[in-house]
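The chain below stands alone, shown as structure tokens; this is the form predicted on its own.
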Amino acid sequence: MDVLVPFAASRPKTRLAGVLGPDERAEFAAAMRRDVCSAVDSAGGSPTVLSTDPIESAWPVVVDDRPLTEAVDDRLEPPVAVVMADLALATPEALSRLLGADGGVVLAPGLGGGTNAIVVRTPDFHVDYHGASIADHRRIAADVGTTTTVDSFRLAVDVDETDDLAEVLLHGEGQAARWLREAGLELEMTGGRVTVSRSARR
């Protein structure tokens, strides 16, 4: 199955500015993208990076600098999947479950109301990534046919905030987790919650 991997190449992951500089955020975002594409590949999908700017990639790249909804919608030719590039915990097993799930539309919710992955097998579905997109996508999917939800921790965690990095250090198995450790990020307990601190700069 063709799989679109949307990637914001310009000024990526600005909410990680408290622990990573601009160049580091670009490197880390690229490491997550490579992890996702590799996991898609291993799950039997054919990843294409949908990037806002030209990038170097081992997988095909399509450049489209429009907002996410418009860029994805123009390429929803079923059967097709959309998997976000910042799912640093994604594994081939989790993605195999997603790609193999029955339904005209298969949704993998993200924490906080987002939609981290979608499989589309009906031409009547369209995306809407504004606001709490999982609610919008459920509504749109209900209007066009069968909907399935894949409940997956590894597909639910998208890395946007500093606290999300703790999940990568705890559960990550790929380049992104290795990059964080080499950059000096480590786990720290603060007020009963696991977060991250930085012991050194690259």
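Don't overthink the numbering: it's just position in the shown sequence, from 1. These figures come from a predicted structure and were not determined experimentally.
Just so you know, the form predicted in complex with a further copy of the same chain exists too; it's not on screen, but the next bit is about it.
Heavy atoms within 4.5 Å of a further copy of the same chain in the predicted complex are found in exactly one of 44-52, 168-176, 58-66, 31-39, that being 168-176.
R75 falls outside the set of residues with a heavy atom inside 4.5 Å of a further copy of the same chain in the predicted complex. Taking non-hydrogen atoms only, P123 never approaches a further copy of the same chain to within 4.5 angstroms in the predicted complex. Put simply, A156 is close to a further copy of the same chain in the predicted complex: some heavy atom of it is within 4.5 Å. In the predicted complex, a further copy of the same chain sits beyond 4.5 Å of every heavy atom of G100.
Relative to a further copy of the same chain in the predicted complex, residues G113, A132 and R138 are all within 4.5 Å by at least one heavy atom.
Interface residues of 11-45, taken as those with a heavy atom within 4.5 Å of a further copy of the same chain in the predicted complex (partner not displayed), are limited to R15.
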